[in-house]
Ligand code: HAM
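One chain is shown next in structure tokens, namely the form predicted alone.
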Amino acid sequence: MCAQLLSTQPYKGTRDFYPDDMRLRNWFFGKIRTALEVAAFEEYNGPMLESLEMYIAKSGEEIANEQTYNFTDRGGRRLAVRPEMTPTVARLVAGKIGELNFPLKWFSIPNLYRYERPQRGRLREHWQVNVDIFGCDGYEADMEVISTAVMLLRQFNADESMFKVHINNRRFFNDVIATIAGTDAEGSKRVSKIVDKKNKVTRDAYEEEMQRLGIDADKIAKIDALYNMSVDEAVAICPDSQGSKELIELFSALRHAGLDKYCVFDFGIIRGLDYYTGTVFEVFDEAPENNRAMFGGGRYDNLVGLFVKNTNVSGVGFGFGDVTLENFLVTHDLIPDIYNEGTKVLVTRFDDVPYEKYISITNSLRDAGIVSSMYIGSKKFGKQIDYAVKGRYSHVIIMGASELETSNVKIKNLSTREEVTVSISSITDYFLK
């Protein structure tokens, strides 16, 4: 016997999923998977383990080492448990680039691991819905991805009062900052890092970091004004910017599709990862008690080039985790009674009836697609009924020696307490009706 009992708690930042937890997850992932398949997205997946070099190339050695679970295997290879899916999908596209039918519309729902401090909405292990389009350079792919994000939330009966999509453009951001602050591309990138975290630091700290980059109070004020501008007002600052043209096309398409009520321009949306090159967006929960970015994404035109020389396959997509989705659904009371089983039948047992008779009834029910189980515990009838109630069974089948002798069974509805007698040969017909 062990001197010390093992803990029943899961590893920090991970979760156990009991059957009711799995029912909830299967419900919302099922709705998402069905909706994406209807929109002609195809599902893919990849391995849990990837080369650490892949994440270093994408995000830099410091971030890759600090935020991944990584190790050196017995062959001396540096591996990481996947912290995200974007590098994997870029690798998959690169691996069969000559065989694929572009534009690609792909999705996946993998579990991911990141070594970070667990907090509300962020755990060390989570499941993430990833939606991507490859091989379309125009705003149409941006439009398709954003409209898909809206469509997925609408699957749960969410409306425009519950969430908003905040949209910006990295090319536009860089051109505006260059115009106002007189910076080069590298300078705009440094400013973007400060803007990206402006809501996470004090105003004094924000201004201090800006001034450290040579941006004085007058320039800070001009940048601040952008945070409250409409898209039409903002693009007037840099009308010749490619990013301005992309924003105009995108918002025009959103208006024509009737999706503008879900979307707002937000100059403060940067998406801190450097690989984003065009449209970027984040979806915010509008509830005061959960007012936060739930998920986001954008255009990343250069990732496939990490794997294949002289290749430029554009990509745009988003990802959102199961934790933030569940928080959103709970906050807005959007989870229906998914724990009502519908028809679920328990075949009770008695000592005076041969075991194989119960097996035959149970198998007939299952062959007809009726959820059913034969009781296998204590044969005390009270315990069997108690088990059925706790297990959310809708009906129990009762067949003792007297019922068997007449080739009948009693079927009891546990909700209404009504009881009927039917022939053994008619049991499946009774439930199918």
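Because the structure is predicted, anything quoted here is derived from the model rather than measured. We number the residues from 1 along the sequence you see.
Note that the form predicted in complex with this ligand isn't included here; everything after this is about it.
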Within 4.5 Å of this ligand in the predicted bound form: all of D159, F163 and L247, by heavy atom?
no
Heavy atom contact within 4.5 Å of this ligand in the predicted bound form, the stretch among 126-134, 262-270, 330-338, 219-227:
126-134
Given that this ligand is left out here, which of F318, Y139, Y358, F251 has a heavy atom within 4.5 Å of it in the predicted bound form?
F318
Which residue, E144, E84, D175, D285, has a heavy atom that falls within 4.5 Å of this ligand in the predicted bound form?
E84
Although this ligand is absent from this view, report whether F295 comes within 4.5 Å of it in the predicted bound form, heavy atoms only.
yes
Report yes if any heavy atom of G121 sits within 4.5 Å of a heavy atom of this ligand in the predicted bound form; otherwise report no.
yes
Looking at the partner-bound form in the predicted bound form, is V323 within 4.5 Å of this ligand by any heavy atom?
yes
Just to confirm, R91 within 4.5 Å of this ligand in the predicted bound form by heavy atoms?
no
